[in-house]
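Given next, in structure tokens, is a single chain: the form predicted alone.
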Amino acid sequence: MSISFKTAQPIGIFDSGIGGLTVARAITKLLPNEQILYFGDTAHMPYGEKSAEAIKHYSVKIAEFLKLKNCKMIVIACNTASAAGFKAVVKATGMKDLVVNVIDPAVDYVVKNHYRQRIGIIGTKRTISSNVYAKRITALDPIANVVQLATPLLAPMIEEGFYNNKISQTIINSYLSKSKLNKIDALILGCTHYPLIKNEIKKFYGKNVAVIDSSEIVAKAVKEVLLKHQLLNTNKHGKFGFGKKGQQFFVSDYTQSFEESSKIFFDEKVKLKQFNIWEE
């Protein structure tokens, strides 16, 4: 296999639903020559309510599908799957150093830019109960004051298209008003769905709190991995079979909200391919 063929292979990205599109968009923007193969496990969304073992199973199955599609690296664009399934995905695929999760880049960023500050984290029940952010932040910054809040209504709300309106702002404000999040210096959006409501969160805090959206941070981490392994695609015409924009989108179960929300990220509806890997 030639180096040129390897570099032209797609980046595999997966999430339980539309949330990972925030990461896909950031990667596409930073790395316009790269092909993207996205898998949304809409049949099992949201992952935040599932057991750790179920999430590991889903994550491994999807990662194996992406590997069969010749993806040169895999991005776990879901905080819940990153917390529960990262090690299992690396082991199952054998793609050591070529699997990127969304947690570690965000942790490195917050420790570098908000050292010894009070850090808030919001995410799904599973992500928060795993305590993964707090453990990894305090391992690097023992004096950091980390507070966490599960916000289980947000991901389903976003999946159904309820954001940037009075209903979503009321729910968001209710969560952010909890005493746990008092006097924080920065807030990590611990779910890849949440960048869709970043403006509403910023509206609540004003300029008093740094709102950390990991999608752009993860995109930079992806670029670093590709450069390190000489896999960065510099060929503007290397979109073999992926259409003009070099993107393919698979879902395990078709949902209209996914297709409608895709317009927000890519300025047009993406063409969804329903592929139920659970029957394979």
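For every residue, the number given is its place in the sequence shown, counted from 1. Computed from a prediction, not measured in an experiment: that's the story for all the values here.
Note that the form predicted together with D-glutamic acid (DGL) isn't included here; everything after this is about it.
- Checking 121, 196, 155, 75 against D-glutamic acid (DGL) in the predicted complex, a heavy atom within 4.5 Å turns up for just one residue: 155.
- Contact with D-glutamic acid (DGL) in the predicted complex, judged by any heavy atom within 4.5 Å, is made by just one of 66, 221, 45, 251: 45.
- Contact check for residue 191: a heavy atom falls within 4.5 Å of D-glutamic acid (DGL) in the predicted complex.
- Proximity to D-glutamic acid (DGL) in the predicted complex, taken as heavy atoms within 4.5 Å, picks out 121-129 from the listed stretches 162-170, 202-210, 121-129, 140-148.
- Residues 78, 79, 80 are the members of 58-91 with a non-hydrogen atom no more than 4.5 angstroms from D-glutamic acid (DGL) in the predicted complex.
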